[in-house]
Structure formats: C-alpha cells, structure tokens
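Shown next as structure tokens: one chain only, the form predicted on its own.
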Amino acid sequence: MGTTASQLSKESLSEYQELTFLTKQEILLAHKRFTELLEKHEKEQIDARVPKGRIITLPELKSNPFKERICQVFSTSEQKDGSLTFEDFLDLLSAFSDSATLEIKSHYAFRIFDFDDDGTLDCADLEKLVNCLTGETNDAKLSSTEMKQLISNILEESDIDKDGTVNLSEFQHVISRSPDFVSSFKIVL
C-alpha cells in the first residue's frame, strides 16, 4: 500500500486498522515514532526504510535480548538487513500488541527463536535461545553439561514426535499451556 513517511491519510489509517490488531491511536503513535527515526531527507520518501541499528535504539526494544532477531523476522528487505518500512513496523507492533491472538504471537515467537530459519527449533536454536535469555557473560553462561541437560529437558517436554527438534505445532502446544505467554509477549509504545 505504501505511504509517505511524513503523512498518513484517513484511508491509510483505516486500512492499517483493518489489517492489524492496532487502534487508530496506536497507529498514529507508531507513525510518529517511526517518522522520528527517519533522517530528514528520508521523511518524504515513499516506503522509506529505517535501518535495524536505529530501530533497536527504541526504548521498547533496547533491552530486549531478541531485538536483532525481531528486526530480521519483521523486515521485508530484500537485502535481509533487518531494516523496516512503516508497514513492517506496524506488523511488528501488531504481533506484539495486547490484542494479537495466541496463534499470531506464538507463530512470531517461533520465527524469532528459529535462528537459522529452517522451520524447526533444533539444538543450536535452543542453545542460542537460552544464551539470549540468560545473557552470554561468563558468570551467567551455562556450562556445556548444564546446557546439554537443559536442551534435553526442553526437547523431552516439547518434542512430541521425538525427531530431535521442536516444530511450530509442538511449540504452539507448549505455549498453549503457558498462561503468562500472551501477556508477556508484547511491546507497547
């Protein structure tokens, strides 16, 4: 649909509201925040992209251990550089909104945690996931034995078909038993 960064028409606003889980006020705030991230010369460009480096400076993402991966998942950039258009930014905010469904949230969480984008969470993905959550500093990093045991426990609990990986439906099954997931998987501007 494309829109200039400096303006948002009533038609665009209505269409974005229909296509997302966001209210008109949330869309207008998102537009304001997105436009603030643009350089002056970019503000008049149609479908301007904000580089990942600027997106992750947002206070709502700055301390998120998955900020880089979130940008990668929501970016439609052909260069796969994690840059976001306004519509990419709305998709991100919509998936993380309070109104998004469990199915939508779990789908995007799975994509964020699938670091190699192969459609499954394998041991390497699970290790990266644990390292992101625990921090990769030497005092917080798990030993090799602890990591193997934790991944084994995760797979024992989640890998229903016992193929050594967690697929989307297995992930969604686990998430459906986690009552706090929907309320904790959010970003509010």
Partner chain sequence: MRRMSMFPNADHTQTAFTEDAIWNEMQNEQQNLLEELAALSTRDRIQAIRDLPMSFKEKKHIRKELELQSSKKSRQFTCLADCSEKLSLFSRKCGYHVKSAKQTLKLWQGAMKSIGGKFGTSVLTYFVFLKWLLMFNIFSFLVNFGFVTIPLLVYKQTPNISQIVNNVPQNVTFRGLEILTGAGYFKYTVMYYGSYSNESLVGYNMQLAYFFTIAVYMVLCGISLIFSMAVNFKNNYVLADSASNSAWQLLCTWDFSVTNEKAVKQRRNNLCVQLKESLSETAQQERLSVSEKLKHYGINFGCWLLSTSLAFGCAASIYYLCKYEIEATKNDNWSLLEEAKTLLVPFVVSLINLVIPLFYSLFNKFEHYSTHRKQIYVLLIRNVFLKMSILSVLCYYWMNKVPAKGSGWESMVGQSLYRLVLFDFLFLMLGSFFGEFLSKWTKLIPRMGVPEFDVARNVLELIYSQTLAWIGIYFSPLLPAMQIFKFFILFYLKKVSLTHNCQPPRRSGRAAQMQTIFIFLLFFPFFVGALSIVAYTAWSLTPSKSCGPFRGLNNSFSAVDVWIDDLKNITGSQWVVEIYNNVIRSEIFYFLITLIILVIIYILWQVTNGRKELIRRLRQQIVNEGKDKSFLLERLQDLQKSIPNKSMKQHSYDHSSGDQSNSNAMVQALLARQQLEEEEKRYSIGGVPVPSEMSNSSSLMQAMLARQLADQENEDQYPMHDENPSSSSTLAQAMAARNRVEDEDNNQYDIFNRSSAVTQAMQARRRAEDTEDDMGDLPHPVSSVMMQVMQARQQAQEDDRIQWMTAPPQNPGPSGSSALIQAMLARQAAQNEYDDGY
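Numbering follows the first chain given and starts at 1. As the structure is a prediction and not an experimental result, all values here were calculated from the model.
Keep in mind that the form predicted together with its partner chain is not shown, yet the notes after this line are about it.
**Q** Does its partner chain get within 4.5 angstroms of any non-hydrogen atom of residue 115 in the model of the complex?
**A** It does not: once its partner chain is placed as it appears in the model of the complex, residue 115 has no heavy atom within 4.5 Å of it.
**Q** Is residue 133 close to its partner chain in the model of the complex, meaning a heavy atom pair under 4.5 Å apart or at it?
**A** Residue 133: contacts its partner chain in the model of the complex.
**Q** Can you tell me whether residue 59 touches its partner chain? I mean in the model of the complex, with a 4.5 angstroms heavy atom cut-off.
**A** Output for residue 59 is yes: heavy atoms within 4.5 Å of its partner chain.
**Q** So in the model of the complex, is its partner chain close enough to residue 76 to count as touching (4.5 Å, heavy atoms)?
**A** Close contact exists here: in the model of the complex, residue 76 approaches its partner chain to within 4.5 Å, heavy atoms only.
**Q** Any residue of 48 to 87 with a heavy atom within 4.5 Å of its partner chain in the model of the complex counts; write them all down in order.
**A** The stretch 48 to 87, when checked against its partner chain in the model of the complex, contributes 59, 60, 63, 64, 65, 66, 70, 76, 87 at the 4.5 Å heavy-atom cut-off.
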